[in-house]
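Just the one chain here, laid out as structure tokens, in the form predicted on its own.
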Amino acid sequence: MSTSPTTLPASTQAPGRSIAAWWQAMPLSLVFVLFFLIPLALIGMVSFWDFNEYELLPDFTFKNYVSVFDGCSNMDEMCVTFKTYLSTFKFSFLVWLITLVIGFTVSYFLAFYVRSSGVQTLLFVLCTIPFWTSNVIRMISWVPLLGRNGLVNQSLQGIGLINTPIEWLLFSDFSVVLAFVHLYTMFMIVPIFNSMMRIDRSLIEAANDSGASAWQTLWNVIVPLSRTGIIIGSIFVITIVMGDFVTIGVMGGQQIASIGKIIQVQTSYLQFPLAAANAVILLSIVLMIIWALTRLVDIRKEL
């Protein structure tokens, strides 16, 4: 007489599964703690230290945070800190807006106008080609193009459109935004394209059968269903631009200020507590932006 194997109840299996899940999560958790939480805690601790020209002085003082907002109580003129944050927010907003338009357009074309999956893959890979080289190389490549004697100015002068070189093409807000868009548009394309590929095509057919125009279908069907990708891409772009200092330094000719640039300069002068205080403030603002964006959509539920 054969006997069927005994099946353990769920309550008996649960502890083993729980332990296995903890073991699986432990390596990533250790990496997260060692390389993210502990460095952040150290930055927060150092931001309350004192310093002089030669050394750091372990202490607990708010002097660094007061120094960050020094002069901001003057209502007649905006302080340097507020001007710098406004400049950083300006670049973040412009880059976010431009990358959103480009990313949504490219993703929409790939997802709904390219029928062949092979062609989709090929075109998507072509979008990633700039990422095959270093960010620094891609950024510096704009210098010989946009410079006073660069290819763009020489071409425009050659065909008679301008008589003198255009000065604002390089080492300006324009060149900074252009470089940012070039470097980070892919961070917007990937999540939006992923969201659009998951849209049920029968919903679009139903909208068309109901008499909806192309714009109505786009605004009322595709955009809401792509919201998760838009939010994820926005988080990527905004957080990267907020902390970037290399691009602003090179493409701005070391003449344009940003919070990341200020932190980099302070560390170069060994003002680590002051730089740490600025980093904590910047991190707090970025986290508030991320929190506000994640309130618009439940990312964990929709992924």
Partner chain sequence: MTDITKTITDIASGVATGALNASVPRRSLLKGTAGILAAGMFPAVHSAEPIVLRYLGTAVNQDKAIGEKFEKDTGIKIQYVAVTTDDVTKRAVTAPNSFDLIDTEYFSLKKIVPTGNLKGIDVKRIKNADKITTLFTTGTVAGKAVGEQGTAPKKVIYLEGEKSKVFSKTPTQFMSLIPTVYNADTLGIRPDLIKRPINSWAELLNPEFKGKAAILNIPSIGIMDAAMVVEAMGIYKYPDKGNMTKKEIDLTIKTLIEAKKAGQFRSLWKDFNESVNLMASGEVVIQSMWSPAVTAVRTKGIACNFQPLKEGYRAWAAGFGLPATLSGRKLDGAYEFINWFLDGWAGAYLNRQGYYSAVLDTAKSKMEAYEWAYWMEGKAATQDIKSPNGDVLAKAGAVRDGGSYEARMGGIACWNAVMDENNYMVQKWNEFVAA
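Remember, it's a predicted structure, so these values are computed and weren't measured experimentally. Numbering follows the first chain given and starts at 1.
Unshown form predicted together with the partner chain; subsequent notes refer to it.
Contact annotation for N194: none of its heavy atoms lies within 4.5 Å of the partner chain in the predicted complex. Interface residue remark: A25 is not counted as part of the site for the partner chain in the predicted complex, having no heavy atom within 4.5 Å. Using a 4.5 angstroms threshold between heavy atoms, S92 stays clear of the partner chain in the predicted complex. For E167, a non-hydrogen atom is located within 4.5 Å of the partner chain in the predicted complex, even though that partner is not displayed. Each of R148, I240 and I263 comes within 4.5 Å of the partner chain in the predicted complex, counting any heavy atom. With the partner left out here, the partner chain still marks one of 217 to 225, 105 to 113, 69 to 77, 125 to 133 in the predicted complex; by a 4.5 Å heavy atom cut-off that stretch is 69 to 77. Scanning 253 to 270 for heavy atoms within 4.5 Å of the partner chain in the predicted complex gives G253, Q254, Q255, I256, A257, K261, I262, I263, V265, Q266, T267, S268, Y269, L270 in sequence order.
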